[in-house]
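One chain comes next, on its own, written as structure tokens: the form predicted on its own.
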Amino acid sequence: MPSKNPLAGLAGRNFLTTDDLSDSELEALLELAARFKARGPGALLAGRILGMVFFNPSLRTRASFEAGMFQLGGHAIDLSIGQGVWKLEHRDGTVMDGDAAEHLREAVPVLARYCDLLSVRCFPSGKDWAVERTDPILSGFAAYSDVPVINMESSLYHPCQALADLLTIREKLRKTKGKRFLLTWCRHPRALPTAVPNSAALIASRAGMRITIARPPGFDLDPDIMARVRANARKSGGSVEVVDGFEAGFDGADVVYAKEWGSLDHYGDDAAEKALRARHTDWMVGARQMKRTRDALLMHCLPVRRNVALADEVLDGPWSVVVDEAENRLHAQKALLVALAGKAGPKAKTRTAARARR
């Protein structure tokens, strides 16, 4: 008889984007995260090991996953590439006479023998969007691992942040359907990746929200991502509009999600991208904008540059839920870890079956 637990089907699966989840799985994960936040999870993953592979820096992601595994009774191994860990090559057919000492084809299966789950953070390099939008490193981990792989942020997605974002919105607003969600571009000294705004738009569109994406011309999100955002919104009863002006989406907003990102139109051309970004130094969220909302939640994934993207007055004001949002990374990820590994069954049996399919 099929299991009535919506999370049972997540056991042994990868988690690369929130679109990997069915509606019932997403709902069950958020409910489990809320229960863990209220009562604590207990040692559900005693003896289990999470391998965390970081190609890029981290504060909240690193700390929340390690704390989560400890609270669940398990252990996390922190592997920072290029800092005590060999640099890794991901391209097939490469003559490895450079600074990469090992290929993913060997490194990932070895880690999968040591760990019950693997998680990876790999930002884009900013050179060729056509290549980087395929998430080659994350895809390599998923292809070569016999254990579940978790995306801790890649070129395209930051799904763990998105889970925490929706958990926070539900806590604060209770109802999401029909609420106005503003995703607004903000200024930054550098061209940042689009993973967070992509994932924020995708998860809000799953929740039936009325989404406005405000960005300067030239800063559109990837068209394939936007097609999926619109498809999600049609299914959930939400809506999506994209506007050019900074002030356009604040009126009546229930959630203001502020985020910086670079121009895909000038991806790989640093000088052109910087010149375009320099025209929009007025895109900083302050009290004047927030007072036009319906006492909206002010959200940001952090880290944030004060008085560049967001003014002190809003980060320190009554609108800000950025610390609550960051805390919820811990609870959402504990639910995810339990779903992927806690019900996966004996590790040896799972791996033997995975090898047999090759």
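Residues carry their position along the shown sequence, with the first being 1. Quick caveat, the model's predicted, so the values are computed rather than measured.
The discussion below concerns the form predicted in complex with phosphoric acid mono(formamide)ester, not included here.
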Answer key, phosphoric acid mono(formamide)ester contact in the predicted complex at 4.5 Å (heavy atoms) among G40, P318, G47, P303: the residue is P303
Answer key, phosphoric acid mono(formamide)ester contact in the predicted complex at 4.5 Å (heavy atoms) among R121, R215, R210, R277: the residue is R121
Only one of 170-178, 133-141, 243-251, 154-162 has residues with a heavy atom within 4.5 Å of phosphoric acid mono(formamide)ester in the predicted complex, and that stretch is 154-162
Touches phosphoric acid mono(formamide)ester in the predicted complex: T61 (any heavy atom, 4.5 Å)
yes
Residues in 214-236 that come within 4.5 Å of phosphoric acid mono(formamide)ester in the predicted complex by at least one heavy atom, in order, are none
